[in-house]
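Given next, in structure tokens, is a single chain: the form predicted alone.
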Amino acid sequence: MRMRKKKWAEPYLEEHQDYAFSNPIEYKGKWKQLLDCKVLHLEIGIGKGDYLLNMAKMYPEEGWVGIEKDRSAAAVACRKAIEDGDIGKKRMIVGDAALLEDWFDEAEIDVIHLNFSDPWPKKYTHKRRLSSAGFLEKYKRLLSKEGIIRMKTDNKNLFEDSVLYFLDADFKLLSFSVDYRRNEHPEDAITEYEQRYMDLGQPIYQLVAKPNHVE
């Protein structure tokens, strides 16, 4: 669901451009240097930013970059990070993931996270899905030698379609679950959004994939 537009969002994002970048082309190929890390994570579609914030706390030595195109949601995520204290090894990009290759260099990203992405249910909108063929080809070029994609969703149709997208794009599925939270995963943060579905007994679908051409 699209967030209602917040009047304070634009001035807040303007004030915090050191954390929430609008078009960070100058950091292409330099993210690990900027964040002083050896492992770089990218979450696409961070919403209110809870997953990024929690994972960065769990893995403070690794770098975290989140992308969000909804400017009101991005402002909320930005405010949470700023009010939490030291921004550490994390940053945000306020923009459309279609421009990924303007912002990141080949083989620069180690882990791409797709968490509860918009399912774009109508067939004519499927190409907008973050797991669709066009995006998967971009991810292939941006992932490092051992790079992987982690995907979670509560949407069964999106998950089933995405499994086929990954296989058709020559990815290998390293793990796959139609009830991910059936077992405990202390290594993976649970957001309020995800917990809501878990409380309703809704299964969480999850996979980890790696391009076959990456050896």
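Residue numbers run from 1 along the displayed sequence. None of these values were measured; they are calculated from a predicted model. So that the term is clear: the rigid core is the largest set of C-alpha atoms that superpose within 1.5 Å between two forms.
From this point on, the text means the form predicted together with S-adenosyl-L-homocysteine (SAH), which you will not see here.
Visitor: If we define contact as a non-hydrogen atom of the residue within 4.5 angstroms of the partner, is residue 181 a contact of S-adenosyl-L-homocysteine (SAH) in the predicted complex?
Guide: Looking in the predicted complex, residue contacts with S-adenosyl-L-homocysteine (SAH) do not include residue 181, since no heavy atom lies within 4.5 Å.
Visitor: Is residue 88 near S-adenosyl-L-homocysteine (SAH)? Define near as a heavy atom within 4.5 Å, in the predicted complex.
Guide: Output for residue 88 is no: heavy atoms all beyond 4.5 Å of S-adenosyl-L-homocysteine (SAH).
Visitor: With the partner left out here, check for me: in the predicted complex, does some heavy atom of residue 137 sit within 4.5 Å of S-adenosyl-L-homocysteine (SAH)?
Guide: No, residue 137 stays farther than 4.5 Å from S-adenosyl-L-homocysteine (SAH) in the predicted complex.
Visitor: So in the predicted complex, does any heavy atom of residue 105 sit within 4.5 Å of S-adenosyl-L-homocysteine (SAH)?
Guide: Residue-level check for residue 105: no, no contact with S-adenosyl-L-homocysteine (SAH).
Visitor: Among 164-172, 32-40, 61-69, 142-150, which stretch sits within 4.5 Å of S-adenosyl-L-homocysteine (SAH) in the predicted complex, heavy atoms only?
Guide: One stretch meets the cut-off, namely 61-69.
Visitor: Rigid core aligned, does the Cα position of residue 202 differ by 2 Å or more between this form and the one not shown?
Guide: No, residue 202 moves less than 2 Å.
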